[in-house]
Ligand code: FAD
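Here you get one chain, nothing else, as structure tokens; it is the form predicted alone.
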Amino acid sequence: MMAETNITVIGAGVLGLTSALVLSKHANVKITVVAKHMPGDYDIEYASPWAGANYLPVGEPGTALCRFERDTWADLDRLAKNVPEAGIHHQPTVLYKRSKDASSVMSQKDPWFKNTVPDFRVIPSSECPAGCEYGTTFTSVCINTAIYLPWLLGQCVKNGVVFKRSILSHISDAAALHHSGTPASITINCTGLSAGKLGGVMDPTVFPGRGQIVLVRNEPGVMGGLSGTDDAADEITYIMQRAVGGGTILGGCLQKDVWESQPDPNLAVRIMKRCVGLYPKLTDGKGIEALSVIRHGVGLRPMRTDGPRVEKEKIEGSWVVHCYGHAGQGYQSSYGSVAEVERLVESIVSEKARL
């Protein structure tokens, strides 16, 4: 149980909303979320609506990201089982590893998460597409961001969280925006890519990882991906069907330090061809012309050279808990990251109580 504490959360992406929700469950905490963009907005600066989003761990063993991903699965699994209105569902998942591609956590035969997700099994090459060394299959989740983000917001509001739109030039300005009229004693910094330009933070290691997707009505019946592509070193192949009628995401690319907000039509064609080639069931073998396109999208993953930053810092005499730099892993590491945020907030409150 915390002492009475006013907290301002900056940012209403998945990490800001999850932080507000988890912290709002403490009886003596009053929370204001301050953000430029809110659920329902679509803007190149606002990464969360563009995400797939799913659970395909990439954190290397021993890293903070690995721990955050491991500690997030139980919550996503629980929501998929028990809270259908959150817009999360389970999906059979198949990942293929080509012989020519370097191995990553996601494409390993023996990844750490094999004991986290259900039904993990290695697929022999005889059951894989041509050129693939092996595959893995398991049950994972996919999230309809257009449903989940507003659901998170609604749960926050139910717990008394107040939302304000504002554009901050310095992190120290956040405390005075608390709805109580009394400045917040703790600020949670969930500003994503904006952490690179926000006064008082100005993290030079933050950079965009441009992603481009095609959202279609076709249903593949499976979620998955391929370990590489011959089209370009920064292009990737993945497919996932969002819950409750959210359509199917076809991806993608990971273009570092690229800020372009408009879809590249040539890249879109390559994405569609790769996905239909890997999953012919998408169009019953009829090619990309049979894809029913809802829209093309571009998002900028909030990347950081050293991975996620979840730590506390005093800035101009006030406590800030940072929670940003999660790249494309914001959803699948959200609850684990916020458990660390909660621990840091509790340590600050306990320290204040002792003074």
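Given the structure is predicted, the values throughout are model-derived calculations rather than measurements. The first residue of the sequence shown is number 1, and the count goes up from there.
Omitted from view is the form predicted in complex with the ligand, to which the following refers.
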{"property": "Three-residue site 144, 247 and 282 fully in contact with the ligand in the model of the complex at 4.5 Å by heavy atom", "result": "no"}
{"property": "Selected contact from 99, 166, 261, 103, since only one has a non-hydrogen atom within 4.5 angstroms of the ligand in the model of the complex", "result": "166"}
{"property": "Option touching the ligand, based on a heavy atom within 4.5 Å in the model of the complex, out of 238, 207, 138, 73", "result": "238"}
{"property": "Options 304 to 312, 43 to 51, 24 to 32, 282 to 290; stretch whose heavy atom lies within 4.5 Å of the ligand in the model of the complex", "result": "43 to 51"}
{"property": "4.5 Å heavy atom contact, residue 37 and the ligand in the model of the complex", "result": "yes"}
{"property": "Contact test in the model of the complex: residue 59 vs the ligand, heavy atoms, 4.5 Å", "result": "no"}
{"property": "4.5 Å heavy atom contact, residue 321 to the ligand in the model of the complex", "result": "no"}
{"property": "4.5 angstroms heavy atom contact with the ligand in the model of the complex for residue 211", "result": "yes"}
{"property": "Sequence-ordered list of residues in 215 to 237 near the ligand in the model of the complex, where near means a heavy atom within 4.5 Å", "result": "none"}
